[in-house]
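Below you will find one chain, with nothing else, as structure tokens; this is the form predicted alone, and questions on how it binds or moves follow later.
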């Protein structure tokens, strides 16, 4: 009997040991609810905290969202520490789709992929991008943030533990539906490190999840109004005279110009950078900037962060630099407050004090062949890998906070970003230049708290020139980047009028777009967002291929086909860009009636339509009840109350709260802004009626409101 008991105890211990070395060689995560719809778990010790470079959570706005329950059983989430790695395991249902993981140029649904989330130039490697944010959102209505400055390797429904729920194996030779990648029931991720911090965000819709994440990171950025105008970047070797001639040419061709960007040649030394004005090309920077300011034009300066030995800030910054150089320039360790102070003092004295509006931060992403190596050391003691991962985000925070202390909003460009970017006043751009990929990136950026510009630089034909311009006009930052090409908006004379008209349409939509950014700031709603965040959108994915080929497809893999070429702008407009050579395109409409933006005609309801394209127009569609406030007249100097043309589409009643402020400062945070309620109701005869009413502060309200009924009644009815 005694031997039997010993044997039973041995088997029990063996079973416990087996549990602890399988699903369980993992520990159950312990979750704490820290805000409505936000849970936190952590284990071990972490390194640099990326959330330190975002703004504090907007707790009141988070509380206003619906409080959805924790998305899965807490007992089904696990962590594990080994001598080299910290790992997590989050459950995944058989039909879940996973989106996000930062800026990506290919596809939307991340399920079935393995990603190494590394800040880098885009090179086609999964997870190597300008902003590989370790945040994903599920089609089941929750999001997971892995808050780490280390590189995350994440298996999204890939790999089956032997003690997990998994399908029975199928013999490839004789069975049917064999898969080279059997269905997995989890997302597993790990880092090289001693611990992790995790957050789970919930909501009653996928959009609410994104809102909650953005609000947790401080809400979205509200750009200055000039930032939403037209940007033009000069050729890198341009001088004062070249810029003044360019401004004259813009006026001659009747094109708006709100921001002028100076590329590397404005500096006395570039690659690495001096951050000092070149005395030959710009002999009097203060007079130069003032001249542009008097023409209503802001100045934006290009920089990379690596300090040339001949820079006037070199001596001061040198004690706070790392062990390796980039282009033989010193790499500042901006985790050190003293290094930040050197940077800010120099920029304030030489740039900001004379009126420079902001910056374009380049070369903060990759490649390994020119950035510092992983084994580099920095005087703060922080790891080189971690500093690289958050470098772009860190610089955004430093400059953004500095200007906010002066009550000045800025808007700029950056080529690397990370966790918490929604509250940073910067838009990501790329050296990559595929038009379709650019639109996919614009769609994906909204799923990770990022802003992206599909800037135009050049084109091989007049048609491509127009199509790229149309896309950039319907993006967070409208820019022609002519740093290498020297191109002008009128470079293809045969389509100059079309280009001008598209830019004008963007400018006319400023009241609508500015309000969309305000909703980003206050509610976390991305101003440009993926269709999966729109209610009633049900586009299906399809799989193609899968035919055995010993040379090209030995594992009979299928390719996922998704709709990645349309997105929402603001509350009501669906944007469907057209690519060169397309004479028609398909558009997937969410449920509810949708109307052509230009004509007001009904085009469909919850269906896929095929439209004929027009070179002069980017296809735009408005949901039923959509209220679109537009500028009815060009804002003149001294006029702070421009008239409005308010378009209404369809037959639904609706209310639109139109936002406005001084367009420059942070005074809106103290209530110094205007809200104009635009309300559409039906009379007893069923006819629509529009009303406008100031509901907050008339100081920045608009002037005369003219209603335009785009559908089902006279166009100019009252």
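Treat the numbers as computed from the prediction; the structure is a model and nothing was measured. Numbering follows the first chain given and starts at 1.
This next part talks about the form predicted together with a further copy of the same chain, which is not shown.
Contact with a further copy of the same chain in the predicted bound form, defined as a heavy atom within 4.5 Å, holds for exactly one of 647, 467, 118, 409, namely 118.
Here is the short version: of 602, 247, 611, 114, the single residue with a heavy atom within 4.5 Å of a further copy of the same chain in the predicted bound form is 114. Using a 4.5 angstroms threshold between heavy atoms, residue 641 stays clear of a further copy of the same chain in the predicted bound form. Using a 4.5 angstroms threshold between heavy atoms, residue 95 stays clear of a further copy of the same chain in the predicted bound form.
Proximity of residue 397 to a further copy of the same chain in the predicted bound form: non-hydrogen atoms within 4.5 Å are absent; the residue sits far from the partner.
Residue contact with a further copy of the same chain in the predicted bound form: residue 82 places a heavy atom within 4.5 Å of it. The stretch in contact with a further copy of the same chain in the predicted bound form, judged by heavy atoms within 4.5 Å, is 186-194, chosen from 569-577, 186-194, 340-348, 624-632. Proximity of 463, 687 and 690 to a further copy of the same chain in the predicted bound form is absent: no residue of the three has a non-hydrogen atom within 4.5 angstroms.
Contacts of stretch 168-186 with a further copy of the same chain in the predicted bound form, defined by any heavy atom lying within 4.5 Å, are made by 168, 169, 170, 171, 172, 173, 174, 178, 179, 180, 181, 182, listed in sequence order.
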